[in-house]
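Next up: a single chain in structure tokens, the form predicted alone.
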């Protein structure tokens, strides 16, 4: 059994909870859109605003999912080259990848906060029949971005510490998943499902 990343393990419960909330929000959005389609088709009635709520839901669920994707190393990486380079170069690239993720997360949280403050200052409303005060969905969205910024910063700091102390663990914890990692995860999933 492979060694566990304790930093990622400590952050996982919050990230998994947010991802679960995002999943249920998408399920609710799907049911709303289904109801909208059926009502329009058979009753010539519209729920008004399901498209607007759908946009908010997709923005929020994306922000909520970023943290778990970072923890589970699910963000897109070009693996064709990283599998063929030596571990010393790989550790530099893996550190740079965590740095890039952190910088992007901090930038998104900063710009999201600026957008939220502007919406509050100008009392911005959506340009739709719902006239939603934009600070409401933006607050939830910015919360998700802030969690992503915190998670990615913690992961980068851990990766930087490992870069100085143990580059093999840096590569194991923050490099692209190997075939062995994927097989181990699938076996653990099958075992967990079998135990239920």
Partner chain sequence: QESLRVAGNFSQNTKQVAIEQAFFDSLGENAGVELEMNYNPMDVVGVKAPDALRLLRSGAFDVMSVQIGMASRDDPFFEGIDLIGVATDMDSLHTVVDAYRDAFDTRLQEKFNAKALTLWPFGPQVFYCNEPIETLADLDGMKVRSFTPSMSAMLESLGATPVTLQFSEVYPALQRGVVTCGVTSPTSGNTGNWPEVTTHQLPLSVSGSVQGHFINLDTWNSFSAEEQAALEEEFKSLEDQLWELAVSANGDAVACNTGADSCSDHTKFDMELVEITDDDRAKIKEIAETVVLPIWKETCNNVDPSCSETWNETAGAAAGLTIN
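Numbering follows the first chain given and starts at 1. If you superpose the two forms and keep the largest set of C-alpha atoms that fall within 1.5 Å, you have the rigid core. What you see is a predicted model, and the numbers here were worked out from it, not measured in a lab.
Below, we turn to the form predicted in complex with its partner chain, even though it does not appear here.
In the predicted bound form, no heavy atom of residue 153 sits within 4.5 Å of its partner chain. Using a 4.5 Å cutoff between non-hydrogen atoms, residue 91 does not count as a contact of its partner chain in the predicted bound form. The closest heavy atom approach of residue 149 to its partner chain in the predicted bound form falls outside 4.5 Å. Contact check for residue 164: no non-hydrogen atom falls within 4.5 Å of its partner chain in the predicted bound form. Counting a residue when any of its non-hydrogen atoms is within 4.5 Å of its partner chain in the predicted bound form, the hits in 121-157 run 121, 122, 123, 124, 125, 126, 127, 128, 129, 131, 134. The rigid-core alignment places the CA of residue 164 less than 2 Å apart between this form and the one not shown.
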